[in-house]
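Quick setup: one chain, the form predicted on its own, written in structure tokens, and binding and motion questions come after.
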Amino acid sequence: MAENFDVVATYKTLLLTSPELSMPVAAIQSLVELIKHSKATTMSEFMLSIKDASQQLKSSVRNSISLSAGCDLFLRFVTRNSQDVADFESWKRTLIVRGQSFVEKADACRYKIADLGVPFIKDGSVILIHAHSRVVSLLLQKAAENHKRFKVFVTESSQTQGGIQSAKVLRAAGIPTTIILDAAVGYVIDKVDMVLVGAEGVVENGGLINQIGSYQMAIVAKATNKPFYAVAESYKFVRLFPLNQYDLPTYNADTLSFQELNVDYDENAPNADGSLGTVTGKTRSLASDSPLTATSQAALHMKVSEDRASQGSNPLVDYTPPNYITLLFTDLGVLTPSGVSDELIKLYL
């Protein structure tokens, strides 16, 4: 066992020092580092340490969808190659080499996806994207490099501000980009030619798990007959079969339990009667029937805590059923949602 090795700290350090590294790749790289530090002398001890480390990684973040995909894929790889091992130490070295090779090749997946997706972007088109996705940004940058002329609407993604990050990246590439409110998707959809989103995970039935808001975009796109495309690396294919939003691993009893909001009153703002507001930092229940007093509407500032997401009251991801998805662009090719299950079987057999 690697008694002094902290796999979670290693994982977080990798993400901090390499911002372009995706969660599943960082998870696999962390497990490879664990193998390097492993003091296990038997196969059973070694497998137990890998499984324990995978569970630690999954438990270290609230949204573990893509991280779980990386851990499960690596575990399957280790298990599949653990049969008839003649030299245990030699086998561990082989795992390290192959694991590092996977990490090095993972970045190439995005470029392959970008190349596959570029032909679907037509001159003069308007594209709606959601929040920030590295592979979506790369695809659009590749299209611009191929002299495609198009405009982009990007949702701000108020929970993570990912849309602002995407806008910076795309504008730096010379792509006209407009940030819109998350609630403005229906307003702009008539101007849009296609919707393009990334993925936290692609499930067995070809459905999509992605940042919250993706499902409502898919509903609006389908209602207006606009194609809805998803882009995802194959290492984000997950062995899940959710039936609805509340069947996701990220769901818990506190999700959407908005019993209270923190309300701050400006002491110096005038009340309706001309006096000054005197109440600050009070907490009111949404179910309360008592009227707000002591301040005018202009003085009332309802501030949702910055860490509300980490408190579990806001969902981080949602599930988009396969019937809303037109095509998926992956490093395995351009797939229909029904083709995902076949690829998952190949990955895990």
Partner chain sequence: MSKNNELVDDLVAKLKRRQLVGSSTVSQATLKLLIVVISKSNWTTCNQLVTIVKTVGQRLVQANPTELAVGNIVRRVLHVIREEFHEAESTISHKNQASTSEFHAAPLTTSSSMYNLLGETGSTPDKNLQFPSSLRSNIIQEIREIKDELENIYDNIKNQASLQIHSNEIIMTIGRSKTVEEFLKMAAVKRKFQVLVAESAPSYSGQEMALELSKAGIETTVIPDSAVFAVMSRVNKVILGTHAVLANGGLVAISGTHMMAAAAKHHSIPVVVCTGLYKLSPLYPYDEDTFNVQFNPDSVLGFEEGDLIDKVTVTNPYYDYVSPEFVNLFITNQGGHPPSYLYRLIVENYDPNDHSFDL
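Every value quoted in this text rests on a predicted model; they were computed, and no experiment measured them. Residue numbers count along the first chain shown, from 1.
Separately, the form predicted in complex with its partner chain exists; it is not shown, and the next lines address it.
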Given that its partner chain is not shown alongside this chain, does residue 125 nevertheless sit within 4.5 Å of it in the predicted complex, heavy atom to heavy atom? no
Review point. Within a 4.5 Å heavy atom cut-off, is residue 248 in contact with its partner chain in the predicted complex?
Key: no
So in the predicted complex, does any heavy atom of residue 109 sit within 4.5 Å of its partner chain? yes
Does the 4.5 Å heavy atom contact test between residue 73 and its partner chain in the predicted complex come out positive?
-> yes
Here the chain appears without its partner; judged in the predicted complex, the stretch of 171-179, 125-133, 185-193, 232-240 with heavy atoms within 4.5 Å of its partner chain is 232-240
Answer key, its partner chain contact in the predicted complex at 4.5 Å (heavy atoms) among 158, 224, 165, 94: the residue is 94
Answer key, its partner chain contact in the predicted complex at 4.5 Å (heavy atoms) among 228, 215, 150, 102: the residue is 102
Of the residues spanning 323-344, the ones with some heavy atom within 4.5 Å of its partner chain in the predicted complex are 327, 331, 332, 334, 335, 336, 338, 339, 342, 343, 344
